[in-house]
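Let's start with one chain on its own, the form predicted on its own, as C-alpha cells.
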Amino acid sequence: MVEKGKIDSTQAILLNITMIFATALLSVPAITATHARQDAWLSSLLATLLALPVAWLTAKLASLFPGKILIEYPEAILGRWAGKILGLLYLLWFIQICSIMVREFGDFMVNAFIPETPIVVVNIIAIAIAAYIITQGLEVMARVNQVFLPLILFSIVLIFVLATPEMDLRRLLPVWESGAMHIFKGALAPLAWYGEISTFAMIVPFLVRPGEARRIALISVVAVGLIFAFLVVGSLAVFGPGIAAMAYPVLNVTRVINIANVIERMDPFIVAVWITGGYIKIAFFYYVIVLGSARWLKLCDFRPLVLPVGVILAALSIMAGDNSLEIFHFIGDVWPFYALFTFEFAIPLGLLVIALFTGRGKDKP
C-alpha cells in the first residue's frame, strides 16, 4: 500500500470543497457572468444540479471496485493494456490540471500583488510547499485543510458583510433577462470545476468508511455550489454584471470595503488566508498524481516520484500560456467541454456501463 493514512467523512468533505473551490473563487464568477450577466447566480445553481450526477457516478464506480483508485478502474473493466493506457491518460489529465492551477495561482499573485517577481519563482515556491505537504501523507494534508478551510470560508463571509454598504440587490435584476441558453452557457464553467469531484475517486479507499463515499461526494458538490452562489450574488450586488470584465471579482470586493476610513484595504490579509487554500488544492492534485503514478508503476512508495513530478509541473506551468488572458480563455471556453465530455463524465459513464453489462466489480453498500 503506497498510502496508509485514513481520513474520516468530515475531512473528506472539507478536502473536496477545497479541491474544487480554492481556485474557482478567483475567476469563475467573472467567466459565468460573461454569459449570464446578472443571472450568473442562476447559472451557479444550475451547475450544482448538473454536477450531482457526476458525484453519484464517481461514488458508484468506487463502490464497484473497493480498494482501488480511479486509474485502476479501467484495468479491472477493460483489461490490462487498454486499462493501462486509459489510466495513463487520467494521470496526464491530472498533470494538466495541476500545472494550469499552478500557473493560474502564479498569475494571480504576480498580477495582483507582486508584479516585479518572476512568475517562475512564485510557481516553484507553490510547488515546493505542496511537495512538503504531500510527503507527510493524505492524513496530514486533510488535517491541515480541516484547520484552514473554515478560516477561508470565514474570511469570505467577513468580506461580504463588510461590503454590505456597497451592495444593491437591484443590480441582480431583471431576473432571467439573459435567457435559458445564456444561463446554461454560464453554468458550464462552474460545472467543469464541480466535475473535479471525480478526482475524489482517487482517495475513496483511504476513507475510514468507504461506504460513505456517495454521501460525501453529494454533500461536497452541494456545499461548493452554495458557497459559489454566495460569491456570485455578493459580487453582483456590489458591481452588477460588470464583474464579467474583471479578472478577480471577489478580490475587487475586498478593495471597495471602507468602514469609516478605518477598516479598508483588507485584501492583503484576506489573500494571505486564500493562499493557504491554493497551496492545499495544488498539493491535493500533486498528491493524486504521485499516488496514481506509484500505483500505475506498481511501486511500494510514492515519495521517490515527488521531485520528478514537481519538476514537470514547474516546467508545464510556465509553458501553459504566454499570459493570464490565454489561461482565462482556455478555462472559460475550452476547459468546460474538454473536461466534462472526457474525464469527468463521459469516460466514467462508459466505464460504469461496461462494468454493469459485463458483471465486473462488486457493489458494496
Partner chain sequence: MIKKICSLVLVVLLVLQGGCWGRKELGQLAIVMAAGVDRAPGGDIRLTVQLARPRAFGGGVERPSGAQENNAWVISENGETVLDAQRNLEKRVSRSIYWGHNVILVFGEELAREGIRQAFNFFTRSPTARETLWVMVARGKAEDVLNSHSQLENTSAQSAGSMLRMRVGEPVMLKDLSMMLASKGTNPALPRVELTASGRPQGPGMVENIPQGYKGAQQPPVGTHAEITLTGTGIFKDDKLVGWLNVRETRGLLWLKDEIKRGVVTVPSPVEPGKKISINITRGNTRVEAFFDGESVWFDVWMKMEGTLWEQQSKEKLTNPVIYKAIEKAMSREIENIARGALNKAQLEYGVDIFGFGEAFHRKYKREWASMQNRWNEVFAGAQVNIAVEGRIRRTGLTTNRLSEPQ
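Positions refer to the first chain, counted from 1. Note that this is a predicted model, so its numbers are computed, not measured.
Keep in mind the form predicted together with its partner chain is missing from the figure; the text below concerns it.
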Heavy atom distance at most 4.5 Å to its partner chain in the predicted complex, all of Asn111, Val175 and Val256: yes
At 4.5 Å between heavy atoms, is Val121 in contact with its partner chain in the predicted complex? yes
According to a 4.5 angstroms non-hydrogen atom cut-off, is Phe160 in contact with its partner chain in the predicted complex? no
Is there a heavy atom of Arg170 lying 4.5 Å or less from a heavy atom of its partner chain in the predicted complex? yes
Answer with yes or no whether Asp267 is in contact with its partner chain in the predicted complex, where contact means some heavy atom within 4.5 Å. yes
Answer key, its partner chain contact in the predicted complex at 4.5 Å (heavy atoms) among Ile197, Val238, Ala192, Leu231: the residue is Val238
Listed range touching its partner chain, judged in the predicted complex by heavy atoms within 4.5 Å, from 223-231, 111-119, 72-80, 285-293: 111-119
Which residues within 138-167 place at least one heavy atom within 4.5 Å of its partner chain in the predicted complex? Glu166
